[in-house]
Ligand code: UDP
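In the form predicted alone, a lone chain appears below as structure tokens.
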Amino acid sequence: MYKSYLEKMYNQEKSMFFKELKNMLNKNQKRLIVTANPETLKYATKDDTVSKILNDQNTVIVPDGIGVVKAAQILGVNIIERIAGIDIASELLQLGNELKKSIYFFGAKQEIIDDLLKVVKEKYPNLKVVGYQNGYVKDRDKVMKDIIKKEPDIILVALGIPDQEKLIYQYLDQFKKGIFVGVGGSFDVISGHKKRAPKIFIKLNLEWLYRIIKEPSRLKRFYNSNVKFIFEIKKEKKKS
């Protein structure tokens, strides 16, 4: 059930993935990067569209979440380390600045977008922002058509799993190039509206715990997506 997705997942070090990102941008390639956590994989087992997205040859699945890494270990799949969505988003901003590429931001609240643009202008002056739109717009299709017209090199979409991946995938064939990433809550962190976990939490793969401490309401979601996921992984292991 889950093993096939885990086997398709990126299994090199984070530094190697970032080199590949740079190469993709240099060559104007088209890729959808899915930052997969247990919740993503659980959606894939219930939603045919999400499953199709993960299985597509233009999709690169990266292990975002220690739960995914642990699941791989249990099922005997080699995944070296977690690659967090926020790290990918931050790296793309740096690479875009270095290579003088263009970017489009879609998602989050307007005040977060406003502050995000201030950060980008200050920290990444060579990165060309060709467009942006908050996630509360009614006509998302109109936004996607605008993105197609502007042909950005990097497209970051923060609409939450699985909406962001489904929307990107719906229009992916209409793009000639572009690195597309569904980045969840990354705009909140980059804009300064939310703090990322302290480095010790990140190093120990306890970023999930920090989020629960800061937002106790996340506990139920964590149980439903992460804890139940590991139980399902152990069941799959017994059957194999």
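Residue positions are given as counts along the sequence shown, with the first one as 1. Computed from a prediction, not measured in an experiment: that's the story for all the values here.
The protein also exists as the form predicted together with ligand UDP; that form is not presented, and the subsequent description refers to it.
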Checking M144, I154, L159, A84 against ligand UDP in the model of the complex, the residue with a non-hydrogen atom inside 4.5 angstroms turns out to be L159
Sole residue of G178, P38, G184, P63 within 4.5 Å of ligand UDP in the model of the complex, by heavy atom:
G184
Is it the case that A71, even though its partner is missing from this view, gets within 4.5 Å of ligand UDP in the model of the complex, heavy atoms only?
no
With a cut-off of 4.5 Å between heavy atoms, is K128 one of the residues that contacts ligand UDP in the model of the complex?
no
Just checking whether K22 would be counted as a contact of ligand UDP in the model of the complex - the rule being heavy atoms within 4.5 angstroms.
no
Check whether L116 has any heavy atom within 4.5 Å of a heavy atom of ligand UDP in the model of the complex, and answer yes or no.
no
Have a look at 166 to 174, 128 to 136, 72 to 80, 91 to 99 and name the one stretch with heavy atoms inside 4.5 Å of ligand UDP in the model of the complex.
128 to 136
May I ask you to list the residues of 105 to 142 that have any heavy atom within 4.5 angstroms of ligand UDP in the model of the complex, in sequence order?
G107, A108, K109, G135, Y136, R140
